[in-house]
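In structure tokens, the next block holds one chain alone, the form predicted alone.
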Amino acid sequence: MKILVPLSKVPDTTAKIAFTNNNTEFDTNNVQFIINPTDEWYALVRAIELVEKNGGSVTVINVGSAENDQFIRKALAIGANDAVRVDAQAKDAFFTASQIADYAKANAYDLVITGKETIDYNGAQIGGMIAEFMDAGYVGLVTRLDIEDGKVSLNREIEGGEEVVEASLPLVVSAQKGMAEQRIPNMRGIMQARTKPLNVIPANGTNAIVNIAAYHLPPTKSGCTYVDAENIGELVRLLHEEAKVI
């Protein structure tokens, strides 16, 4: 079985966010970057577990510049067999998904597992777009994934409960919490990652379809207003006249 896991580079959740060039570009100065957590903790780890059980290989793929190689090497240290970097900036979801899908189709991957979304844009678009480009099935927000005799069994959260889905390969899946548990690279994995192949390929001719007009930080939160537990009338008035939620 051949499994492909796309990886995104994102700012650490503790990073202080700022913008430059008249709020049209993200300011990367003094920002610590990491592998997108749902890509690493759930998609990558579950892919490795499936290969450990059923045999095969796990390839990680990233769309980005050479500065991303350090994050790709971490994925190799966790247990991926090899890696690919598409040498281009990830301009938007459409462009990124096109690069990943082209590679997946050309190399006949059975399964593509993405994280459910990146923690910077929270778009949750990549998985569905990859499936469309590949003309493959897609199941999103998956919390469990098992494969037996080429048949895929998945659990996914739906409103008010959980849904059990059966699908055939090839398939694209987006993973969320519950799919797997985070793995920490050990020394043996770190040493092996240095010699595992990381192939750099050019981008295809796809153009991005989205441009960033401007970034804006959320408005500053106002202070809290405390109301005595016995003064329900005042609470209702504040919710109605000031918060305007009732």
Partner chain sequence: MSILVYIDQSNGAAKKASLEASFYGKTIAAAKGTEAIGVYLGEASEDIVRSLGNYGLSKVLHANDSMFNDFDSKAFTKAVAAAAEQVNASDIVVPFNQNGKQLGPRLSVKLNAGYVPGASSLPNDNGQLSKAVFSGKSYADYTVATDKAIIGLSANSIQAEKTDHEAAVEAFSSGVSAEDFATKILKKEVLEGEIPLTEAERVVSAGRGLKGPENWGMIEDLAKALTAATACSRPVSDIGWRPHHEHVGQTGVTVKPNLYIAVGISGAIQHLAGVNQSKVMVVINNDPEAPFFKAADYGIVGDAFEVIPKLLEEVNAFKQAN
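For clarity, a rigid core is taken as the largest C-alpha set superposing within 1.5 Å between two forms. These figures come from a predicted structure and were not determined experimentally. Residue numbers count along the first chain shown, from 1.
Below, we refer to the form predicted in complex with the partner chain, which is not included among the displayed structures.
Contact annotation: Arg156 falls within 4.5 Å of the partner chain in the predicted bound form, judged by heavy atom distances.
Although the partner is absent here, Ala214 sits close enough that one of its heavy atoms falls within 4.5 Å of the partner chain in the predicted bound form. Mapping the unseen interface onto this chain, Lys177 counts among the residues with a heavy atom inside 4.5 Å of the partner chain in the predicted bound form. None of the heavy atoms of Gly150 is located within 4.5 Å of the partner chain in the predicted bound form.
With the partner omitted here, the stretch from 33-41, 197-205, 54-62, 184-192 that lies within 4.5 Å of the partner chain by heavy atoms in the predicted bound form is 33-41. Proximity to the partner chain in the predicted bound form, defined as a heavy atom within 4.5 Å, singles out one entry of Val86, Ala131, Ala77, Ala83, which is Ala131. Taking a 4.5 Å heavy atom cutoff to the partner chain in the predicted bound form, the contacting residues in 133-168 are Phe133, Asp135, Ala136, Gly137, Tyr138, Val139, Gly140, Leu141, Arg156, Glu157, Ile158, Glu159, Gly160, Gly161, Glu162, Glu163, Val164, Val165, Glu166, Ala167, Ser168. Positional change of Asn231 between this form and the one not shown reaches 2 Å or more at the C-alpha, relative to the superposed core.
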